[in-house]
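What follows is one chain in C-alpha cells, specifically the form predicted on its own.
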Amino acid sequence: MDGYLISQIVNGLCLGLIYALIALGVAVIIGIVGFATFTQGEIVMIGAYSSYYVFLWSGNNLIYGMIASFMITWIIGMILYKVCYAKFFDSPEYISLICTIGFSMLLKNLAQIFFGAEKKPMLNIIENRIYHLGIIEVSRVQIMVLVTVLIMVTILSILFTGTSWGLKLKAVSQNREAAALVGINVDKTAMIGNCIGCAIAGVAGTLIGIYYQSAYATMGATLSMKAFTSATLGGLTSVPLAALGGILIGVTENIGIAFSSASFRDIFSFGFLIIMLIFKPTGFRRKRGARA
C-alpha cells in the first residue's frame, strides 16, 4: 500500500470523526426530541463562525473557540426547539421537518447578510507539524480532532449513563408519556436534548473550520446531508452506530478521491449510502426497535 493511499485513509478517518460528531448530534436530537432535523449543517456553520470571531479576539485560543461555539449553538438549539418542535408534537411530523428546512435557510441567509459571502480564513490555529509513525504521517490538526472527538464522546457517555439528567433523557427518548407520568418535565428535557445535539454540531463546526482553514455561510449544505446520511446508516436514533456511519463515509470518500478527483467526493459518500440502503434498509441496526 503506497504512502498516498495511507495518507488518504488517515485523512478519511479524521474527516469521518468530524462527520461522526455531527451525526451524534443528529441521532441525539431524533432520539430524544423525536423529530428529524435538517438544520445541523447550518448549526455547524454557526459554530465555525463563532470560533472564528473568538479566535480573532483571543489570539487563536482553541479552548475559548470551542467554548464559544458550544455555548452559542446551545442557545441556537433553544430557539430552534421553540420554533420548530415545541408546538408540533401533536401535528404530522412533516410540518416540523419543513420548519427545520426553513430555519436552516434563514440561518444561511442571515449568515450571508451579517458575515458576508466570502470565506473567513482560519489559519494557524494549530501549528502545522507532521509526525511520522513508520509509513504513516499524522498532523497535529488530526491529533487535535481525534482528542476532541474522544473527549466529547466520553462526556456524552458519562452524561447519559452516570447522571440523573442522562436517565431523564433516556426516559424521554424511550417513552414520552411514561416519562411524564413519573414526573419528568418532558418539554424541558426534550429541549435540553436538542441543545446538546446542536452544541455537539457547534464544536464540530470549529473542528471542520480548522481542518479546512475557513468558515463560510454555505459550508453547511453538504455537511447537513452527510450528517443525516450517517445517522440513517445508524438507524437514525443509535448514537454509536451513527458515529460508525460518519467514520465510514469519511473513509469511503477519501479512498474514492485517492483514485479519482476531489470533485467526486460527494458522489462517493452518497453513493455509499445508496448502496448500503439497497442491501440493508435499516442501516447497521439488525432491526427497528427502541431508541438508543
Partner chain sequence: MRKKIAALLIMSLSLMSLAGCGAEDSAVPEPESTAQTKAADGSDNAEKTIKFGVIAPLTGTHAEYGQGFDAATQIAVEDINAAGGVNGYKLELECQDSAADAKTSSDIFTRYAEDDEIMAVIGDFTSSCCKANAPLTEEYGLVQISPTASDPSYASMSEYCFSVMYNQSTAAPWTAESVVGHFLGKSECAVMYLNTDWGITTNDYFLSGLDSAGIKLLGDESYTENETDFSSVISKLKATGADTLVILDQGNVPTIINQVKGSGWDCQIVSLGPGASDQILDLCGDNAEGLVIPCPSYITADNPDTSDFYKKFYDKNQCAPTDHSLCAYNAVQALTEAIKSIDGEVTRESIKDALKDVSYDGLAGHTQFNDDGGVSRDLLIIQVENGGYVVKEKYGYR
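Take the two forms, superpose them, and find the largest set of C-alpha atoms that agree within 1.5 Å; that set is the rigid core. Residue numbers count along the first chain shown, from 1. A quick note: this is a predicted structure, and the numbers were derived from the prediction, not measured.
The same protein has a further form, the form predicted together with the partner chain, not shown here; the description that follows concerns it.
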property: Any non-hydrogen atom of residue 117 within 4.5 angstroms of the partner chain in the predicted bound form; result: yes
property: Partner proximity in the predicted bound form: residue 133 to the partner chain, non-hydrogen atom cutoff 4.5 Å; result: no
property: Distance check, residue 21 to the partner chain in the predicted bound form, heavy atom within 4.5 Å; result: no
property: Contact of residue 182 with the partner chain in the predicted bound form (heavy atom, 4.5 Å); result: no
property: In the predicted bound form, the one of 239, 66, 257, 247 near the partner chain [non-hydrogen atom within 4.5 angstroms]; result: 257
property: Contact residue in the predicted bound form, chosen from 216, 74, 160, 81 - any heavy atom within 4.5 Å of the partner chain; result: 216
property: In the predicted bound form, segment of 22-30, 249-257, 58-66, 41-49 with a heavy atom within 4.5 Å of the partner chain; result: 249-257
property: Residues within stretch 5-21 having a non-hydrogen atom within 4.5 Å of the partner chain in the predicted bound form; result: 7, 8, 11, 15
property: Yes/no, residue 258 Cα shift of 2 Å or more between this form and the one not shown with rigid core fixed; result: yes
property: Residue 267: Cα shift of 2 Å or greater between this form and the one not shown (core-aligned); result: yes
